[in-house]
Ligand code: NAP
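Have a look below at one chain only, the form predicted alone, in structure tokens format.
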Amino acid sequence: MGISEVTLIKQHLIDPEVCIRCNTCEETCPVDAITHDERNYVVNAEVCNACGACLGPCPTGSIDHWRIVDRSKVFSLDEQLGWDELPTVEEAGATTSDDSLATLVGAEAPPQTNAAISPSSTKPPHSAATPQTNLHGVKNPITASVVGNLRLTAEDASGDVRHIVLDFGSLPFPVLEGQAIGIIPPGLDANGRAHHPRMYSVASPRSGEREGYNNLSLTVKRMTEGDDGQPFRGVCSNYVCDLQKGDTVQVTGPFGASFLMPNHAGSNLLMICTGTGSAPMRAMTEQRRRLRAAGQPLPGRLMLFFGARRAEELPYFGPLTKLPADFIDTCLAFSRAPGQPRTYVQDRLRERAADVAELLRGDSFVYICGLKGMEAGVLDALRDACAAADMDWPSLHQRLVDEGRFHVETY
């Protein structure tokens, strides 16, 4: 049988060795072709339409893998869920792994459909520094030493949030504001296999948590219950929160090539976050603060909307209140403050609608990071702020996304 008579399909696969289980692909897929278990993220070949919506948001590139196989021999979901690594081209029974179907006569791609417009930019700001990514994976992690572990929330707060400082010694590990790293918890999972890395956003600027040292910081919350409210002890979050000075950890990354800050003068930052979603906002704010302290300011406005249950549970509350008003416009929202009505970041956005709309008219970049539940409310508040200012939010949002000015990371 000639190759032109074989029914071939370009199957979309995820590399389990590189994937950091951030759930971005599953959230992005417009046709629900991506699913996961406690181990792997996988793609259903019967549903995937090869639209490519998941490719840009993936911080590691693990999503961008393909095998051209006989349609009768596509990898099932059960097969993919059991993988520790991608099958080779030979194991797949394919004649090529080239993602250009034009090189293989008779190969078929799934029919493409119009994907929903992504609410987030898949490219960085035009003036962002060039990031280094995927320098270290699970097969070649870098070792870092713990040089700091500070509790950021009050002892009586419902959440234990920690500021963790890692030092890499003489080994290069460059990171930019908005990037993330992976930490590999020790031990084995329930199936007797090594744990996968868990991803954490970097909370320090490019010059490190402590300037002159090869270090960085993370903002980590101890997980003690699951999404259903039942007791659940997070494997990696508890490991990280319990680290002591002098301990060592295995790190992968850096990850992320789009959620980056602009570096040109006059650029404004509108930052909206909850909880540990404050990590990249802290990194960006500290970078601008250090430039200002060194006499190299980038004239432009910083506006921050930050939500927590109460002040005692808001990470970096003390340092935030000490930043001068002419440097950053800070709006805090507390949903459980005693004697006060419940207030969320979208409520503060509405209170400051005129100022938000005015900021969006300029050379501005928007960053949203935190719990998934905040996303819809924030987008509605931005839409309403623009409507009140006679601005067309749908077209503005699309332009911001297209120009690398609108970045969302929710979980």
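Not measured: the values here are computed from a predicted model. Throughout, we count residues from 1 along the sequence that is shown.
Heads up, the form predicted together with the named molecule isn't pictured, but that's what we're talking about next.
Exactly one listed residue, out of His36, Arg383, Arg342, Arg361, brings a non-hydrogen atom to within 4.5 Å of the named molecule in the model of the complex: Arg342. Distance criterion of 4.5 Å from any heavy atom to the named molecule in the model of the complex singles out Arg309 from the list His136, Arg288, Arg309, Arg198.
Checking 53-61, 368-376, 66-74, 353-361 against the named molecule in the model of the complex, the stretch whose residues place heavy atoms within 4.5 Å of it is 368-376. In the model of the complex, the named molecule lies within 4.5 Å of some heavy atom of Gly277. The named molecule in the model of the complex is not approached by Ser121, whose heavy atoms all lie more than 4.5 angstroms from it. Contact check for Thr219: a heavy atom falls within 4.5 Å of the named molecule in the model of the complex. The named molecule is not shown here, but in the model of the complex it comes within 4.5 Å of a heavy atom of Arg336. Contacts between 384-411 and the named molecule, taken as any heavy atom within 4.5 Å in the model of the complex, involve Glu409, Tyr411.
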